[in-house]
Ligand code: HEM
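One chain comes next, on its own, written out as structure tokens in the form predicted alone.
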């Protein structure tokens, strides 16, 4: 399982104010990029997208992650909810690279290259894959548990 370096964690935590201010704009831009692929778009609740609920929820989750990246135990309940939702909607490990490829450029698009520098995006890349690995492992277990039940 990948981890983010202490330096990356510090950078990610430092982006929390920008995420608080621009989070929904970032997630909306991310979904626009992600939904260029109709197969990926089909995994998502269209009503939650059109109402803005899903971009708001994800923005809140990203902000909570930025604030707690060094205290992941604080995020256990949220991670459990994400895992349950991902299993319910059929999210698989192979979907995570698509999200990374949409999220990181959306951060730069919204915050601009002066704020979302290469160093910031590299830190967020580390952070993203650390969380993705946690989710992927928990989802794999949940899928196994469902098959066994």
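Positions refer to the first chain, counted from 1. What you are looking at is a predicted structure, and each value in this text was computed from that prediction instead of being measured.
The form predicted in complex with ligand HEM exists for this protein as well; it is not shown, and the discussion that follows is about that form.
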Study note, to complete from the structure: If we test each of 58, 121, 111, 102 for a heavy atom within 4.5 Å of ligand HEM in the predicted bound form, the one that passes is 58
Practice item. Go through 135, 24, 16, 9 and name the one with a heavy atom inside 4.5 Å of ligand HEM in the predicted bound form. Key: 135
Point to revise | Contact of residue 82 with ligand HEM in the predicted bound form (heavy atom, 4.5 Å) | key: yes
Exercise for review: Evaluate residue 89 for contact with ligand HEM in the predicted bound form, applying a 4.5 angstroms cut-off between non-hydrogen atoms, and reply yes or no.
Suggested key: yes
Check your understanding: Does residue 54 reach ligand HEM in the predicted bound form if we count a contact as any heavy atom within 4.5 Å?
Key -> yes
Review point. Does ligand HEM come within 4.5 Å of any heavy atom of residue 64 in the predicted bound form?
Key: no
